[in-house]
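Just the one chain here, laid out as structure tokens, in the form predicted on its own.
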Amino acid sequence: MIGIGIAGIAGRMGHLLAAQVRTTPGATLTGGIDRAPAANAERMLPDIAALAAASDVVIDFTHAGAVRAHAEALTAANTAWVLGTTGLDSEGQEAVRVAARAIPVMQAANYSPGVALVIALAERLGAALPASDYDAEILETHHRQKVDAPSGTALAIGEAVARGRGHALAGAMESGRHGQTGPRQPGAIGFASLRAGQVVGEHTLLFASASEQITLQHQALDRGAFAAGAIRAAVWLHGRPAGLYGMPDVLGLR
């Protein structure tokens, strides 16, 4: 039996994850932590150290500011870590890399199997369609409560395109165009973000040349897809050697 703990259990995603664990054969919910201590009190543990000690795997959909503390606690307890938090700064990402030297860490901007496949295809398309001929643009839409833009998933798609083209995203990214921007820069990877209503998540990758257009799109219809993918990742990660893994590993794409 795999003991799964949830960091952020009182949130919308946390509730979905808890429900998914309860229906997963061979898994049990060890408890959770959250900044709202009254929520789901019968399963609430006092802190990340206690959750790590009680669990074989901790699924973490919290906030970027907690990543370093969580990395230290999970490493100290030798507990596997499924990380879905996005918006990490360089220090937060370095904390993840350091943790992965000691424990198995699964990191993904999006745990939908469909999105993992889109990211894999984005890299192949980036490699096959030369930047000199094909402009790459990424459009993402999310609910009005989302606080970061572009989304972590959109950035992951852009990074995949850049990898396919043999360079880093940082030097090619164009986001938030406004006013007299001048012509599009050759080789740029463009981003546009929409925030409206309660859209779960939509991502579109567009490649356009002078003579054709290729569109790759993913629409999340229910957040349950993310929860199911994260639980699948947790079960897969349990018992693996230390290292930094991604959803392509879970799906057998690499």
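Source: prediction; values computed, not measured. In case it trips you up, residue 1 is the first one in the sequence shown, and so on.
A second form of this protein, the form predicted in complex with a small molecule, is not displayed here; the remarks below concern that form.
Interface membership of D56, defined by any non-hydrogen atom within 4.5 Å of the small molecule in the predicted complex, is ruled out. The small molecule in the predicted complex is approached by T62, whose closest heavy atom lies within 4.5 angstroms of it. At least one heavy atom of A36 is located within 4.5 Å of the small molecule in the predicted complex. Proximity of R12 to the small molecule in the predicted complex: non-hydrogen atoms within 4.5 Å are present. Contact annotation: the small molecule lies within 4.5 Å of heavy atoms from the stretch 106 to 114 in the predicted complex, the single such stretch among 106 to 114, 167 to 175, 73 to 81, 121 to 129. Distance criterion of 4.5 Å from any heavy atom to the small molecule in the predicted complex singles out A66 from the list A192, L216, A66, A208.
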